[in-house]
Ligand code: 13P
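Below you will find one chain, with nothing else, as structure tokens; this is the form predicted on its own, and questions on how it binds or moves follow later.
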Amino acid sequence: MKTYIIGNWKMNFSTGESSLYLHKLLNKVPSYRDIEVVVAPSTLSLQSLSLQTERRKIKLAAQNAYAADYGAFTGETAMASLRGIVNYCLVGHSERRHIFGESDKDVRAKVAAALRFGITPILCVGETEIERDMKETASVIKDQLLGGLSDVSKEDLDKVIIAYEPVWAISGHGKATIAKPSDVDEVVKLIRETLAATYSKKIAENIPVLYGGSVKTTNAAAYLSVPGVNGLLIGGASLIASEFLGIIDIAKRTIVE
């Protein structure tokens, strides 16, 4: 299974800045067979960057899209419009859930829409600090995971990626306590056990599971060493070339080891 290193640029960089930054990354990132490097720029930048990027080195992801294929939805972008531009789309990111109020129903519809148009959905799941303190992590993760996958056929489950991103460990959300590898290990096991019980052991083993939450060069190796973690979803560190490239290098060394 490949290791995924995904940089979520969030609402940073103008179109011109995005182009310059991608150019810098393309000059430094080699073509890997066992590492999939992905960046998620703003929607406005996606079209131009899709013409600039070398997909054997770096693929593109959308940060968000709407579930309907077309219609009177002012300001939204359909998955249909992203087909051929991106390979991936983040779905259910904690900021979409907790800032913009996306429900499990919204997330479920977006996962299905991405698959309709040949885009790999990266389904994000994670508990808040309050939910963690109330010992509700397991129920929250199960609800978000199975809710997001409920419209996906068994045949399409291998086209989905899961990302565990605890809200309490994301920089900018409260005190952002750094998650310990043991915390990540516990939830990744829960995710795979839930998938095995709901679908099959084979499906549970074959779905890539990523970790996201204040990932940096200083902790990337520890997270990548957690059994069952197949990559990283990176926020702030993906905006700094030395950090992002350093994490890619760490991923390569981890695979070799």
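Everything numeric in this text was worked out from a predicted model, so none of it was measured. The first residue of the sequence shown is number 1, and the count goes up from there.
One more form of this protein exists, namely the form predicted in complex with 1,3-dihydroxyacetonephosphate (13P); it is left out here, but the text below deals with it.
- None of the heavy atoms of D183 is located within 4.5 Å of 1,3-dihydroxyacetonephosphate (13P) in the predicted bound form.
- 1,3-dihydroxyacetonephosphate (13P) in the predicted bound form comes within 4.5 Å of no heavy atom belonging to G246.
- Proximity of S214 to 1,3-dihydroxyacetonephosphate (13P) in the predicted bound form: non-hydrogen atoms within 4.5 Å are present.
- Although the partner is absent here, I170 sits close enough that one of its heavy atoms falls within 4.5 Å of 1,3-dihydroxyacetonephosphate (13P) in the predicted bound form.
- Remark: of stretches 67-75, 161-169, 99-107, 112-120, the one touching 1,3-dihydroxyacetonephosphate (13P) in the predicted bound form is 161-169 (heavy atom within 4.5 Å).
- Residues from 1-27 that approach 1,3-dihydroxyacetonephosphate (13P) in the predicted bound form with a non-hydrogen atom closer than or equal to 4.5 Å are N8, K10, in the order they occur in the chain.
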